[in-house]
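One chain is shown next in structure tokens, namely the form predicted alone.
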């Protein structure tokens, strides 16, 4: 494996982890669209900073992008605070305007400059290892790797330092305010982290991958666990696995690395939607099916229990009469009886159904619960 390949995968893994950490709180706060808004709305900040510095290599471009991200957050909050629109609508109104301003400025005033929307949207990880950072004349690695590693450390430090406050303000803003945690300050601090992370990542991987890595891994982790600490760890793990697998898919297909990583993250999410142990579609379907048969067996047990020892018993405890008294179809009634026999709740003698001791206990339990 070439050194460049190792560096590309390292950059992708670091970016994935840096995006996943704040992305967890976006998912929990139901603000997933904010990552998309910030990653697109930074474009006018970059353009304005370029007009002022006349160079694409100035750190002021990053400062301008971060400022544009914060402006996006402030405008969304101001619009939402009017209570005239919901928060998702406020996001959908603000970021297209800012992104469009950036596109117009590029088309009108920077048409001959290598500053285009495709570079911002798509990025290109394959070129990241060739943009090196020198410190006192010493090559310390790709610029993207150094920058995103620093951002990852800042994100981890912020989450670790304010973990309790973020946790409470995420799930109960009123309680956080009562305890004096200043939820508004925490919110803007978190949004600032997201802006800085998006700005640091888009140059190497593009805004599309930033959105994918900030949302897909935390969303998948949300389906797997209901503990915040585990959700943070799983989000990072899923993001890193998606980055590495996506890179090798791109290598095999000779396709865009960023696109393949984003697609892999999406595949992992949809696989989680299907196969998650507690919240996956298959698990929910299996659980609902089991509950359906369990409820039907309880209905059968109650019906037979109520008619035990009565003169009508010879008629009421026959399978063909279940359709009349319980409103079941004949096919469904046969299947319920079969399930109940397999589970040891009833026995059949000469076409008549009798409760076993387990069946009587089931009926008594069901009646008591009701």
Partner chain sequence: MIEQLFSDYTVRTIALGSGILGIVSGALGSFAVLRQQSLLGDAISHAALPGIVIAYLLTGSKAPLVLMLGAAVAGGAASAAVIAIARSTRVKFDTALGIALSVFFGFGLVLLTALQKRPDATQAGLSNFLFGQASALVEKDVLTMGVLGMAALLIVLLAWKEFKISTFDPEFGRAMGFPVGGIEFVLTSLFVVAIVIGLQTVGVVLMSAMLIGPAAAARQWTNRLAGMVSLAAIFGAVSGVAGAVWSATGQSLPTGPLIVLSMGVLTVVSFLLAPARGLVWRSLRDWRNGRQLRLEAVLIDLYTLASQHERVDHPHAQAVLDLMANPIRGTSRSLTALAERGLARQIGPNLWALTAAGVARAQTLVQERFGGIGNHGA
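These numbers were taken from a predicted model, which means no experiment stands behind them. Residue numbers count along the first chain shown, from 1.
The discussion below concerns the form predicted together with the partner chain, not included here.
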Note: the partner chain not shown here; in the predicted bound form, the stretch from 23-31, 340-348, 62-70, 297-305 having heavy atoms within 4.5 Å of it is 23-31
Fill in: residue 189 within 4.5 Å of the partner chain in the predicted bound form, heavy atoms
no
- Task: Determine whether any heavy atom of residue 183 comes within 4.5 Å of a heavy atom of the partner chain in the predicted bound form, and answer yes or no.
- Result: no
Exercise. Looking at the partner-bound form in the predicted bound form, is residue 36 within 4.5 Å of the partner chain by any heavy atom?
Worked result: yes
So, residue 84 and the partner chain: in the predicted bound form, are they within 4.5 Å at any heavy atom pair? yes
Open item on the list: Suppose contact means a heavy atom within 4.5 Å; in the predicted bound form, does that hold for all of 153, 159 and 275 with the partner chain?
Closed with: no
Heavy atom within 4.5 Å of the partner chain in the predicted bound form, from candidates 147, 234, 168, 262, belongs to 262
Heavy atom within 4.5 Å of the partner chain in the predicted bound form, from candidates 74, 271, 255, 177, belongs to 255
Restricting to 209-232, the residues within 4.5 Å of the partner chain in the predicted bound form through any heavy atom are 211, 212, 215, 216, 219, 222, 223, 225, 226
